[in-house]
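We give structure tokens for two forms of one protein chain below, kept apart as structure 1 and structure 2.
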Structure 1
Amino acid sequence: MMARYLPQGLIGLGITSVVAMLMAGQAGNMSAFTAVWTYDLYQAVFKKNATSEQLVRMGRLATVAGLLLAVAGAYVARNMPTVIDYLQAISSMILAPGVAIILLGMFFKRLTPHGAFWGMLVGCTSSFGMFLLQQLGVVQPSFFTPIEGTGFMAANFWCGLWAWLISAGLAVVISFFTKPRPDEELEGLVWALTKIKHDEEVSWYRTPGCWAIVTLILFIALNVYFW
């Protein structure tokens, strides 16, 4: 598409931007993967009294393992119709349940760790199950959607929606049956228990609310124009 629309000069800028974006995204993902593995799993679960040296070594190993996993992921992506289909499938499995739990964690102070854990786990597993059923040919992609003749990518969107609902629903139900965290522990973490600071002397056009409204108006205007 870039070769079709971008003339000389702009195409160089376009390709440089794409490469920079991919490199930055990859670096961010890799450091997030390493940090989650080393701090949240290795240190928290497997080796609670790990020294700094051991953590650094584990971080390096996790980086290499993450790179190898990424290479393996590229081979899986090769079997998909397009890369965006692959991204969409992965997002419906990981991001949709994750977003459900993050939103609940931010705005629902009754949420408990058990609710969040099982909601996320069942949401991811159910989405992966739906993906697998499609891949193995057990059901057609349109099985998961209310629209006839849906394609692979649209079905993944719908699977993401189902996974979101399963995660959120299960997390709320389990939370009501488990012991909640006291309010003192949640101060500053949950919306209802956070004191929001307001900058009184900032001009109106420098506030996030003003730019949120501008963005919303632009979003609606562009949608109406290109409808």
Structure 2
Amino acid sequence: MMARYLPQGLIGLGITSVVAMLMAGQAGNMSAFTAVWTYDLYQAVFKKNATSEQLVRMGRLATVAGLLLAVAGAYVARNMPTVIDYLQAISSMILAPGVAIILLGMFFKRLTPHGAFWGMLVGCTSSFGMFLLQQLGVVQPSFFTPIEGTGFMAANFWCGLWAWLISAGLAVVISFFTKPRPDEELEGLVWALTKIKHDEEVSWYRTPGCWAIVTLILFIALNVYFW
């Protein structure tokens, strides 16, 4: 597209912009990956009394592991029909279970760390297993959907939905069998324990709830229209 629409003097600038965008995105992803693994998993679950030197060492190892996973992911992406299919497959494995846990953490005060951890882990693993079964040809993509003859992209969407349900359901079940956090520790983090101050009264059409309903109606209408 740049070769077709940009003059010669701007092609180099366009390529530089794309490379800068990719590098910034990669740096942000690696920082997030390292921080989540080091602090939210390694320190919180595996070694709660870890020293600063151990955390730094683990962060460096996590960075190297993340780069190797990224390189392996690039080779996997080469075999996908399109980049969108690849991104949707990754989203069904990571984002769908993650969103389930985040929503539960925001609105369900009974959720426990053990429930969130195992719900997320099993949700990601189940979605990856469904993806692997498709890639190895064990099952057809339509096996995971209620509609016959669906393709790879639609199957990834449904796999994400199943992963979301598995992650949320397992997290809730495990939470009821594990000790919850006291309400004092959850104030300001869970909706039911958060006091919202309104500085001024606003019109109903300017409230978040109004636009959430409008967005939901548009979402349903567009899905019905393009079904």
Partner chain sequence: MTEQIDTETKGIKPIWYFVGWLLLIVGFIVTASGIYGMISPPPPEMQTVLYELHTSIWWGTVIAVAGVIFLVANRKTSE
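For numbering, take structure 1's sequence and count from 1. Only a predicted model underlies this, so the values are computations on that prediction, with no experimental measurement involved. In this text, the rigid core denotes the largest set of C-alpha atoms whose superposition between the two forms falls within 1.5 Å.
- Structure 2 derives from the form predicted alone, whereas structure 1 comes from the other one.
- Once the rigid core is matched between structure 1 and structure 2, the CA atom of Ile15 is found 9.2 Å away.
- For Asn29, the Cα deviation between structure 1 and structure 2 after core superposition amounts to 2.7 Å.
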